[in-house]
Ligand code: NAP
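Have a look below at one chain only, the form predicted on its own, in structure tokens format.
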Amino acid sequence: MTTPTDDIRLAIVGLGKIARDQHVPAIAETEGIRLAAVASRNAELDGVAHYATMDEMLEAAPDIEAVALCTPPQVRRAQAALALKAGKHVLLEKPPGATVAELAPLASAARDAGLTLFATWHSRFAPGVEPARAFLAERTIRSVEVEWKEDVRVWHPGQRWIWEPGGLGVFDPGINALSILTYVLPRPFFVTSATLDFPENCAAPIAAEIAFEDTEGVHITAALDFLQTGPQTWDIRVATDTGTLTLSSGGAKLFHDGEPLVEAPEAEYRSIYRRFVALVSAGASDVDVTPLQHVADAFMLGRRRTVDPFEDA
């Protein structure tokens, strides 16, 4: 077993809801890594060294070996570049950045410095995802339907950055579905059309309907909504030659023609940190931009439709 002195000393940058709810407990439950500091202007964590900014932390705590960037995507590129320049391994929350092109230079910088850069897609670690991938690898796929609907007021209360350029709007949760699709489907696919609903007071969409097609002509549809109330919907249904495979609850449950194949508790972030520890140990990186490319393509091909203003109340 790893002793505390061998653990990777990690700092969280940006202590918001996801960092508190997911990253902090996952780090505590993962061997080989420990939370040594937090950099956040607006929040602190009892018993953990606190700094107002990452710059301040890098100067005052040179023993920090890695950072987990949980800040809004619009600022992550600059923070990741600074951390890599300072010799730190970097874990990026999803989405890994505000643009696709900004990630290649970061990956090159990490490689040149012998550091790890990990662009995380937490939904890929849901318990039903790997079994779904194995199932679909041996089937003929007829069609795919995604329904990904949640309440932004629950998951991002008062967070205006998500409605600004680069914040992604409904694609912030929707990219989780795309991260699963790009992993479990056996062939590449691409956007053919999209309709994006923009509140008249926002620069990012609040709902989207997207059509895709894979390289053999299989149709894929995705319905995304950020105003779902009541039960939240995170489902992917794949019609195959041997029945319908359904990933539900964001990938925590897997069904074949209604019969359960997987029903397991969520452990996505613990898996992310185990993967990060393994990558650091191996001197490797993992930076897949494919889900973000699909979001960019939806913006490029999407028809914009103006809808009622959004009020976060």
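Just so it is clear, the model here is predicted, and its values are computed rather than measured. One-based numbering along the sequence shown.
Omitted from view is the form predicted in complex with the named molecule, to which the following refers.
Among the candidate stretches 223 to 231, 199 to 207, 178 to 186, 88 to 96, which one is within 4.5 Å of the named molecule in the predicted complex when only heavy atoms are counted? Looking at the partner contacts, the answer comes out as 88 to 96.
Find the only residue in I141, V75, V100, A194 having a heavy atom within 4.5 Å of the named molecule in the predicted complex. That would be V75.
Just to confirm, with a 4.5 Å cut-off on non-hydrogen atoms, which of C70, I33, L245, I64 contacts the named molecule in the predicted complex? Spelling it out, the residue with a heavy atom inside the cut-off is C70.
Would W155 count as a contact of the named molecule in the predicted complex, using a 4.5 angstroms cut-off between non-hydrogen atoms? Yes, W155 sits close enough to the named molecule in the predicted complex that at least one of its heavy atoms falls within 4.5 Å.
Would you classify P291 as touching the named molecule in the predicted complex, given a 4.5 Å non-hydrogen atom cut-off? No.
Is the gap between G302 and the named molecule in the predicted complex 4.5 Å or less for some heavy atom pair? Close contact is absent here: in the predicted complex, G302 is far from the named molecule, nothing within 4.5 Å, heavy atoms only.
With the partner left out here, check for me: in the predicted complex, does some heavy atom of K149 sit within 4.5 Å of the named molecule? The answer is no: K149 has no heavy atom within 4.5 Å of the named molecule.
Considering only 109 to 126, what residues come within 4.5 Å of the named molecule in the predicted complex, judged by heavy atoms? Sequence-ordered list has one entry, H122.
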